[in-house]
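What follows is one chain in structure tokens, specifically the form predicted alone.
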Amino acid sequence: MSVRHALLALLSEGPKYGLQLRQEFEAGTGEVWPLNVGQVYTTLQRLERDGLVESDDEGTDGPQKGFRITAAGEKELVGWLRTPPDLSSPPRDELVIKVLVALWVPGVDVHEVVQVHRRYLVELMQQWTHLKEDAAETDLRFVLVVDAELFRLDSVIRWLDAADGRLRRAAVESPPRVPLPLPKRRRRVGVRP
């Protein structure tokens, strides 16, 4: 998530104070992603350093210092909105790593690992669905965030199902993996043993 660009977007509406930006960020994201006020001010300092925002010239930091977006900040924001994120490499996903590691650990039933996580994800989907039903008519931003999360969780569950099926087929089709012996240490030329 780009807090930097979210703050630029909020400032594109007009000048604001740091605490106001924090409150509007949280409200604008359906209050799903809390934001530390220290992170707001650190990000604003970097944006100011990079010439993307300007602050009041009072030289004071804190809740009374106002910020506004610059022309360079507007250009940066528009460029960011129109540039697709780099999805060319898969993210380092902890669940994928857990399934891969479960294959390495002797005595671990990888299918059981998959099912434990699958059940948990289904429960999470049910919780998000109930929250969405409660807010469906009052908070469009929250509903959009929940929809995104439900789609993400659904895709993870589908991946777990596909992985479980692939692992079961692989267990039937191939004999158990026998560890290869370690290669013998080769003597290096010109080095005394």
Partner chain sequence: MRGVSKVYGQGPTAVHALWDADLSVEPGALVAVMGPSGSGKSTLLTIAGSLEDPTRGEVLVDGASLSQMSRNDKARLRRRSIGYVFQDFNLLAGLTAVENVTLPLELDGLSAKRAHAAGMQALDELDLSDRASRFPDELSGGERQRVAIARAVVGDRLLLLADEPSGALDSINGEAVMRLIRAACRRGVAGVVVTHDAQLASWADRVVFLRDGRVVDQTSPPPSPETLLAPSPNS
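These numbers were taken from a predicted model, which means no experiment stands behind them. Residue numbers count along the first chain shown, from 1.
Same protein, other form: the form predicted in complex with its partner chain, not shown, and the subject of what follows.
Engineer: When its partner chain is placed as it is in the predicted complex, are 40, 80 and 83 each within 4.5 Å of it, taking any non-hydrogen atom of the residue?
Structural biologist: Verified in the predicted complex; spot residues all out of contact, no.
Engineer: Can you work out which of 123, 74, 109, 93 has a heavy atom no more than 4.5 Å from its partner chain in the predicted complex?
Structural biologist: When its partner chain is considered in the predicted complex, the option within 4.5 Å is 123.
Engineer: Note which of 150, 27, 167, 140 lies within 4.5 Å of its partner chain in the predicted complex, where distance is taken over heavy atoms; exactly one does.
Structural biologist: Of the candidates 150, 27, 167, 140, 150 is the one lying within 4.5 Å of its partner chain in the predicted complex.
Engineer: Looking in the predicted complex, any heavy atom of residue 154 within 4.5 Å of its partner chain?
Structural biologist: Yes - in the predicted complex, heavy atoms of residue 154 and its partner chain come within 4.5 Å of each other.
Engineer: Against its partner chain in the predicted complex, would residue 45 count as a contact residue? Criterion: heavy atoms within 4.5 Å.
Structural biologist: No, residue 45 is distant from the partner.
Engineer: Do residue 66 and its partner chain come within 4.5 Å of each other in the predicted complex, heavy atoms counted?
Structural biologist: Contact with its partner chain, no.
Engineer: Going by a heavy atom distance of 4.5 Å, is residue 34 a contact of its partner chain in the predicted complex?
Structural biologist: Yes, residue 34 is a contact residue.
Engineer: If we check its partner chain in the predicted complex, which of the residues in 110-142 reach within 4.5 angstroms of it by a non-hydrogen atom?
Structural biologist: Result: 115, 118, 119, 122, 123, 124, 125, 126, 127, 128, 129, 130, 131, 132, 133, 142.
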